[in-house]
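As structure tokens, one chain now follows by itself in the form predicted alone.
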Amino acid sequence: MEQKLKEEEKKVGVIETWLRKHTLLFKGATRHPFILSIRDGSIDITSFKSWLAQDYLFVRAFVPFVASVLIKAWKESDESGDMEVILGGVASLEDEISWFKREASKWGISLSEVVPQQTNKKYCGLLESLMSPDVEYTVAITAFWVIEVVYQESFAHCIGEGSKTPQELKETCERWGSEAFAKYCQSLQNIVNRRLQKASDEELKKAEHTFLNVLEYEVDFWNMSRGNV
């Protein structure tokens, strides 16, 4: 069985193998009821505001994590282009934080008064653990890619054909659902696939475990936004 999986990984790539193997969990993260409620227009705005406030806190914790991935790329990457891709991600986060502040103001949310919920704290704890120098670049960049691609896949669905996303939420969905963000995620995926093809069995196991961990936290985060956690 293990040999068969290795042969499949060589043929279609490690990421594609994971996506086939863990389809249900990936769909749970990218087609969550929270996302589907945005797409069909039934979203409870209170849930959206809850997500916005908590995600602002998460993004602030995401900044040092991405910076740590950049440092790992500098130390461990076998391709100089990796740093430019990751640096692009770092640069976009300043704009993202400003965007969250503008959105919060629009919705009457006082960000200085937002308290991180337990699910958010745990997810940020995962990011912090991945910043450790002991965590390999391959594992860290895998986590970075999954976090980004879940948003890309989720919000692209909200602006896809047949969607009834409320007008006031379209800017949010276009931010992560855009073609430009999809291309950026593909650049990250290319790095991850290259690293995984060269990884040791131990690194592959760690990377897959991190891939699953992130997907589970993403599901929990959507649940939290709907008040289900």
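What you see is a predicted model; the values in this text were computed from it and never measured. Numbers for residues come from their place in the sequence shown, where the first is 1.
Same protein, other form: the form predicted together with a small molecule, not shown, and the subject of what follows.
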- 107 to 115, 134 to 142, 147 to 155, 71 to 79: which one contacts the small molecule in the predicted complex at 4.5 Å, heavy atom to heavy atom? 147 to 155
- The unique member of 176, 26, 65, 34 whose heavy atoms fall within 4.5 Å of the small molecule in the predicted complex: 176
- Query: Is the gap between residue 96 and the small molecule in the predicted complex 4.5 Å or less for some heavy atom pair?
  - Reply: yes
- Message: Please determine whether residue 18 contacts the small molecule in the predicted complex, using a 4.5 Å cut-off between heavy atoms.
- Response: no
- Message: With the partner left out here, check for me: in the predicted complex, does some heavy atom of residue 58 sit within 4.5 Å of the small molecule?
- Response: yes
- Query: At the 4.5 Å heavy atom threshold, is residue 218 in contact with the small molecule in the predicted complex?
  - Reply: yes
